[in-house]
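Have a look below at one chain only, the form predicted on its own, in structure tokens format.
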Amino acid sequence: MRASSISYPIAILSVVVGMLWGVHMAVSHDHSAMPAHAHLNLLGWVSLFLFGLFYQAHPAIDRGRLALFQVFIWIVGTVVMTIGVALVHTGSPASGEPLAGIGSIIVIIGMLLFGWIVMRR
């Protein structure tokens, strides 16, 4: 399995969920979750798609376990952070803040790992 083959479909899923979430906010006139919606679109859609492009351009890295691990970490961090940020902004900061913090740390680890993968190439 390749990292890009995971990055692309999850990126597409993220943007579809983000768009549907945006439509829901528009229809309900409740934009309180907008920061979480933005995190999902940026981390889930844009970043994952860019990771996929990088990995696809470097086939040897794309097939490696480290790239798969980096993408997995990023997906987990994005989901956890998005849920946490959504809870914080929709009235449950006590349960959302720890998730947002944990998700942020996971995403930072994922980006540091990606940076290391890029620089060692």
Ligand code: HEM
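Residues carry their position along the shown sequence, with the first being 1. Since the model is a prediction, treat every value here as computed from it, not as a measurement.
One more form of this protein exists, namely the form predicted in complex with ligand HEM; it is left out here, but the text below deals with it.
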Location of ligand HEM contact in the model of the complex, chosen stretch of 89 to 97, 35 to 43, 75 to 83, 61 to 69 [non-hydrogen atom, 4.5 Å]: 35 to 43
Contacting member of I102, L112, M25, L13, with respect to ligand HEM in the model of the complex [4.5 Å, heavy atom]: M25
4.5 Å heavy atom contact, I108 to ligand HEM in the model of the complex: no
